[in-house]
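Below sits a lone chain in structure tokens, taken as the form predicted alone.
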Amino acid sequence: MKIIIEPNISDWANILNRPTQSFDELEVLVKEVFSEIKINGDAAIQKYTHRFDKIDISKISVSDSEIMEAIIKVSDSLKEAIKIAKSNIEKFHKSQIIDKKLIETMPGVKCWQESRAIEKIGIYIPGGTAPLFSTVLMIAIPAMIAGCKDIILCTPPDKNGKINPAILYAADLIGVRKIFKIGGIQAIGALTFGTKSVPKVYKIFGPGNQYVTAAKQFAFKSGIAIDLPAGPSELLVIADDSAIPEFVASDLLSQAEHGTDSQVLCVANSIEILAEIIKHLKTQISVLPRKDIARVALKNSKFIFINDLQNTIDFVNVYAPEHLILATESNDFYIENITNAGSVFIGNYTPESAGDYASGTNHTLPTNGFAKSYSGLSLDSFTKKISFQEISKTGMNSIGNAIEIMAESEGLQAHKNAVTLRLNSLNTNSNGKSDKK
């Protein structure tokens, strides 16, 4: 942990460096796996599942009986919690539906925009030590609301060839039926090219380790859209004397336990509050099951004293955190002036965990500074916007001359002719009147 006092603006970029990852070596492996999947399909998937996951899978698709077996294993309390989260996530994302709005830009010229769902999407859900069934909710629910026709879910099997029951329960609850026991690079490759068993998709969603991240980047190069530039999880907390140190420490640890390359920062206007937070960090980390992971992550953590409000928000906007917690008496100032953040959590009783699980907002967010130019997942992530226009004869008379002049000025005569022919037709109408249809 590093404590930094009133850093100079010239030092901000260096202070805010993320833990770096190099994909050069990974890319060689990704190319190998992708090339073989493209040629050999399911056989290549089974080969690399054996190589990477150390298990043999004869059937990569999840059967209805496996889903039913998994549902029985999920406790009633977890089922109820998942249902609460599902309800809240549905409410939040349904609120993002926008009705068609027709605009008449000038008499006879009508324009509007309509959403169309991305027909085929792939969802990758990590397994391993932290099977993210919550991410099934975050991705599949807005996909269903958007109207995506084919939703394909891939997640790695455990050493017994099984999928985590909570993942299967969440998928079944939402209505996702095409589920495959595939992890890592081979899962992204299968979704990219399609195989006899796994349908090819148009866009891939979901988090993953450095291998999955590299594979998604390669999928993008292969013509498949991806959700977000991915990176390690990160959290920045702004605190002052009104913050509850014990709460802040717990929030920092909630992100540190994600992975050894996670990054957490705390900016405060009080040295004393920073010291209290660090004290609670040391106490709380000792009892965490994932304390070894969190301890490594905390090596990249930084505790920064900045007394001025404007300097604080400028510093945060330069960092552009995935998650931002405001635990101050000046929350309104920060809300008004934050421009770069994935998701913001306001007040002492709004933990980042709420957004991760059940408040309703989406937890798939831009990392690594991409909050400067990307949003988190929303209903729009699963749709395309198609623009429409309809010009009547009256509209052509209104707008035609402007189009002719602009097209001729750009030297595009065929563009001009497409309008001139129509105008001439209207002007030579036998009855001398323009039909407004």
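In case it trips you up, residue 1 is the first one in the sequence shown, and so on. Computed from a predicted structure; not experimentally measured.
FYI, the form predicted together with another copy of the chain isn't displayed, but the following is about it.
This chain appears without its partner; in the predicted complex, the one residue of S330, N269, S301, T361 with a heavy atom within 4.5 Å of another copy of the chain is T361. For the candidate set V296, I71, A275, A81, a heavy atom within 4.5 Å of another copy of the chain in the predicted complex is found for exactly one residue, namely A81.
Comparing 150 to 158, 335 to 343, 207 to 215, 174 to 182 against another copy of the chain in the predicted complex, the single stretch with non-hydrogen atoms within 4.5 angstroms of it is 335 to 343. Contact with another copy of the chain in the predicted complex holds for all three of F92, S95 and E119, each having a heavy atom within 4.5 Å.
Another copy of the chain in the predicted complex is approached by P351, whose closest heavy atom lies within 4.5 angstroms of it. Although the partner is absent here, V264 is not a contact residue: none of its heavy atoms lies within 4.5 angstroms of another copy of the chain in the predicted complex. In the predicted complex, E410 approaches another copy of the chain with a heavy atom inside 4.5 Å. In the predicted complex, another copy of the chain sits within 4.5 Å of a heavy atom belonging to A371. Applying a 4.5 Å heavy atom cutoff to another copy of the chain in the predicted complex picks out D241, S242, A243, I244, E246, F247, S250, D251, L253, S254, E257 from 236 to 257, in order along the sequence.
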